[in-house]
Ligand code: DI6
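A single chain comes next, written as structure tokens; it is the form predicted on its own.
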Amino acid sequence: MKTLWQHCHVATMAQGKYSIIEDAAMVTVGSLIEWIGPRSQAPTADYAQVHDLQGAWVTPGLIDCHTHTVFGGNRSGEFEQRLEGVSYAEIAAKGGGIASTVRATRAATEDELFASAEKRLRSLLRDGVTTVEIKSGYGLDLANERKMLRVARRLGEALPVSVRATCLAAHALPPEYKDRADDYIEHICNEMLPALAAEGLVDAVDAFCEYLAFSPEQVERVFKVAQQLGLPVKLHAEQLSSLHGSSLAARYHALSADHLEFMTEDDAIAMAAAGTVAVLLPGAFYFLRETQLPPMEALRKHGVKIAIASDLNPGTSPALSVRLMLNMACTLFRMTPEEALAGATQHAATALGMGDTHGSLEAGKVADFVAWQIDRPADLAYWLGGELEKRVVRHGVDVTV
């Protein structure tokens, strides 16, 4: 079905810039964009539908390229305890922290995990998100990692959103492997990843490279197995210390390295050469009251593509708004609104291996877009909270939620 969308302005986000078309029109056929340009040049055709977008600003659908949307339990009590002066170490010693989320996730049924995750994901969709990545990593054994990834797949089938599922089994050490990190890595490599990949539940493989998680050597073992299975890799790196995980990720041509507060200029050079995207997570930076900023100057200097994501998770970034992350990227990381929007569209798509089909409004790409009733694109990073009036289109179909 050929459809004309007109009476709008478009920030196409091609090449990571606003790339504005004033008084624009767009032609979609099925789920794809066939033509986009000035309305005065729109092709004449027998359109099945013609939509007046009433002067809206149209952008690509937002892409949240780093989330942990599926989990059991709630850790707001720990948030309150920390604000009352209880240390994270004390909370962890009493069974809190990630261990509490692992227990709750293991105890929950697949349907219970789906129901809670659906509510969180709907919040993101109401914010203009049309594509999301969802990581596992709170199951930490085959049965429960499988359960989480199955929920991620179900969410993509039940809601108007494209879901990329990432296996993050190398997230933390499960209690049954206490003091046996190498044995757990061996279990991931020999049993978990091959089984989950064979079941079609995995689009990418991630790991947490940090002194309180897994070493670069252990992560590399996971990466080698992912490579053998034909799966792209990603990495949580340099959030709390400099282990040069981002350079390791670059050596394996990772889609992205994420967090990166403690990365070095050499890491940035390696990522630029490999085309690995830097995914910055201002929600976690804010929530943890961090002070070590990502090296923005080095990332810009060496041309590393910068994406922005919510890092939605129960412990360090309970964020339900990508637009709020755009503002935080500007206020905390000194990004421009244009850079931030590119970070949640074109560069976020590249961080998911979807840059050829998603993330910008160009002929041949998927027709995922949002028509915002705003004055200018910078408004998306300007307004704090609330819902902006909008119309969300995914695969050429109006899916406003």
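Start at 1 with the first residue shown and count on from there. Quick caveat: nothing in here was measured; it's all calculated off a predicted structure.
This protein has a second form, the form predicted together with this ligand, left out of what is shown; the following refers to that one.
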I'd like to check something about Lys234: if you look in the predicted bound form, is any of its heavy atoms closer than or equal to 4.5 Å to a heavy atom of this ligand? no
Flag His68 as yes or no: does it have a non-hydrogen atom within 4.5 angstroms of any non-hydrogen atom of this ligand in the predicted bound form? yes
Are any of the heavy atoms in Phe214 no more than 4.5 Å from a heavy atom of this ligand in the predicted bound form? no
Check whether Ser116 has any heavy atom within 4.5 Å of a heavy atom of this ligand in the predicted bound form, and answer yes or no. no
Name the single residue among Arg164, His171, Lys147, Arg323 that comes within 4.5 Å of this ligand in the predicted bound form, judging by heavy atoms. His171
Answer with one of Ser123, Thr264, Thr316, Gln218: the residue that has a non-hydrogen atom within 4.5 Å of this ligand in the predicted bound form. Thr316
Give a yes or no on whether every one of Ile134, Arg154 and His358 sits within 4.5 angstroms of this ligand in the predicted bound form by heavy atom. no
Please name which of the stretches 222 to 230, 305 to 313, 191 to 199, 264 to 272 has residues with heavy atoms lying within 4.5 Å of this ligand in the predicted bound form. 305 to 313
Could you list which residues of 197 to 219 come within 4.5 Å of this ligand in the predicted bound form, counting heavy atoms only? Phe208
